[in-house]
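To begin, one chain is listed below as structure tokens, in the form predicted on its own.
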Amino acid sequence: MEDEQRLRCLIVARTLPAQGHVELIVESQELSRAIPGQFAHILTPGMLRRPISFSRIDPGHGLSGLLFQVVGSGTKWLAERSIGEVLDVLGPLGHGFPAPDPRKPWALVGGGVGVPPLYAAAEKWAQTQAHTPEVIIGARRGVWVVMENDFQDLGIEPRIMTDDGSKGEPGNVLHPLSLWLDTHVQAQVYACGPTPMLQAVRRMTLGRATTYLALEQRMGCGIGACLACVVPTVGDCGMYYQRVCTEGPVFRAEELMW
């Protein structure tokens, strides 16, 4: 299965979207068929690949974006790659976001490097919707806010929340999301970010909105074989475990046993 999904992807552009963050644009017709919320599993030195969500998807030109924060040896190595180099990639992997109902209001809520797949969703679907999405971006520090200008280029003004108050408004994404939910019925919420943020979004939106959560999870194989990324979920048959890399990373909020 891995060999069937293994790609060699040429880096055609490299940018620094925020302090300590890098975005690589790679050329691959296969990756450019991804759905927002899916991910690429990239080979780096060592035993494990690194899962990175797609930040932008351009099937017309066969291009995809991979935006990440440099936090360890794997992402440090990846950040040092240059235009013209080739990455060993598995993908696109996992289940992405479903297309939003075009008649209903929707919100995109991202924290940290959870923002890029939400931009990919806006880029793909915003022009087909009756409602402009409410975009709420959270980051610990202002210098770590990513993709603000990209949303603005789509005609969307994101609401920026930072823990240290150095950009946008002080605080996290929950307060503005709560205010938005108070004035929007039959809402749809798409969220990606750290697990505590997603847990809070789940609690806030249950019974108030149709919510999809894209989980950030450490993975081993990325193709469902190693079972290192399972999460407890609930369905008609009771509690059972699902793999983030294959059944996810996107789950309905009510599926998750948090």
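Residue numbers here begin at 1 and follow the sequence given. What you are looking at is a predicted structure, and each value in this text was computed from that prediction instead of being measured.
One more form of this protein exists, namely the form predicted together with a small molecule; it is left out here, but the text below deals with it.
- Annotation: in the model of the complex, residues 53, 71 and 217 each come within 4.5 Å of the small molecule through at least one heavy atom.
- Of the candidates 34, 67, 209, 201, 67 is the one whose heavy atoms come within 4.5 Å of the small molecule in the model of the complex; the others do not.
- In terms of contact with the small molecule in the model of the complex, the residue from 90, 113, 135, 122 that brings a heavy atom within 4.5 Å is 113.
- Using a 4.5 Å cutoff between non-hydrogen atoms, residue 172 does not count as a contact of the small molecule in the model of the complex.
- Shown alone here, residue 190 lies farther than 4.5 Å from the small molecule in the model of the complex, counting heavy atoms only.
- Residue 48 belongs to the set of residues with a heavy atom inside 4.5 Å of the small molecule in the model of the complex.
- Contact annotation: residue 75 falls within 4.5 Å of the small molecule in the model of the complex, judged by heavy atom distances.
- Stretch-level contact analysis of 56 to 64, 217 to 225, 201 to 209, 23 to 31 against the small molecule in the model of the complex, using heavy atoms and a 4.5 Å limit, identifies 217 to 225.
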